[in-house]
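So this first bit is one chain, no partners, the form predicted on its own, shown in structure tokens.
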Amino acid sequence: MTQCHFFIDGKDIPFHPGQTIMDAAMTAGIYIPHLCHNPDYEPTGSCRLCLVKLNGRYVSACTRPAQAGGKVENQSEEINQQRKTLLQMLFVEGNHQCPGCEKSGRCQLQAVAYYVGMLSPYFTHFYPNRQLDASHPEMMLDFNRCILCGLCVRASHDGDKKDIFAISGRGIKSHLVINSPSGKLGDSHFNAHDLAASVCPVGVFLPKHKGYEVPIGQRLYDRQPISQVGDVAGQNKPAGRS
């Protein structure tokens, strides 16, 4: 197979035709911040956190094909500030109280915020009134943390072949919905071992009877930054490894 090359922050990156900038970067062990991307599913570019500059123009790394000879900026202060702003908006659009969240320490949103240096909100919090769904015997859904990444939708459709989840509404009224007669998870064909249960980058999917089994402070991103250990589903390779 033909191999081409482009550059990320001056580093020579090999790629094969058809690979995106994100694909090639992950293969090369280079971390590009992201939330909605998972290499097992078709990219959508919905979170825009993987924003990079390709030859001086902003593109999303997860959807943009790698370009031979292209020059990609990933770690500039300008790009980092854009990512901070995007994260600040995500934090205030939902209810993210990290110190009391069971997902703290293994939450991608939290870990990426630490990575880019977003340590405090800037915008006014929305404090949306969102319900919990505890109708399933093994799993609870906390819609307060949903960032509309669509990963559970894609995993349910492409991986589980069930189409249990969808995103409904437009703009600020967009929200995750359950495909069941009652609209409740317990009335669907969902199983706690479904792929959709394990891809969420935040704390929407919470297994029952297992909370805080691993103490905060000893969890995945408590021990190493996300740039070294990858995403919560273990899909990314640690930086510096092939």
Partner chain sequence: MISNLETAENPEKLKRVVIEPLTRVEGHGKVTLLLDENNQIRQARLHIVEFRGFEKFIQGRPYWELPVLVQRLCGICPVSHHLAAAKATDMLVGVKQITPTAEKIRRLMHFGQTLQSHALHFFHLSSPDLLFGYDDEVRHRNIIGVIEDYPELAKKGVLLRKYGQEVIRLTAGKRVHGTGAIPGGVNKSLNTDDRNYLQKDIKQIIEWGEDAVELIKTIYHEHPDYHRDFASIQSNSMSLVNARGEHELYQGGLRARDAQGGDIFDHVDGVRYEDYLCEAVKPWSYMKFPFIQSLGQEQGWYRVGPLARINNCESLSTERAEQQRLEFMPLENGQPVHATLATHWARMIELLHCAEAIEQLLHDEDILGHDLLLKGDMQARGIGVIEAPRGTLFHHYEIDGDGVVQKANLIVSTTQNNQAINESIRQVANNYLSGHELTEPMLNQIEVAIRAYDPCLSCATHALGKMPLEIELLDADGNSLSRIRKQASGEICLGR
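Residue numbers count along the first chain shown, from 1. Treat the numbers as computed from the prediction; the structure is a model and nothing was measured.
From this point on, the text means the form predicted together with its partner chain, which you will not see here.
S.K.: So which stretch, 213-221, 32-40, 171-179, 55-63, is the one near its partner chain in the predicted complex (non-hydrogen atoms, 4.5 Å)?
M.R.: Selected range: 213-221.
S.K.: Exactly one residue in Ile79, Met140, Leu86, Leu148 has a non-hydrogen atom within 4.5 Å of its partner chain in the predicted complex; which is it?
M.R.: Partner contact (heavy atom, 4.5 Å) among the options: Met140.
S.K.: Determine whether any heavy atom of Ser135 comes within 4.5 Å of a heavy atom of its partner chain in the predicted complex, and answer yes or no.
M.R.: Result yes; Ser135 sits at the interface with its partner chain in the predicted complex.
S.K.: Taking heavy atoms only, is Pro207 within 4.5 angstroms of its partner chain in the predicted complex?
M.R.: Yes, contact at 4.5 Å.
S.K.: Please determine whether Asn74 contacts its partner chain in the predicted complex, using a 4.5 Å cut-off between heavy atoms.
M.R.: Outside the cut-off, so no.
S.K.: Pick out the residues of 68-100 whose heavy atoms come within 4.5 Å of its partner chain in the predicted complex.
M.R.: The stretch 68-100, when checked against its partner chain in the predicted complex, contributes Pro99, Gly100 at the 4.5 Å heavy-atom cut-off.
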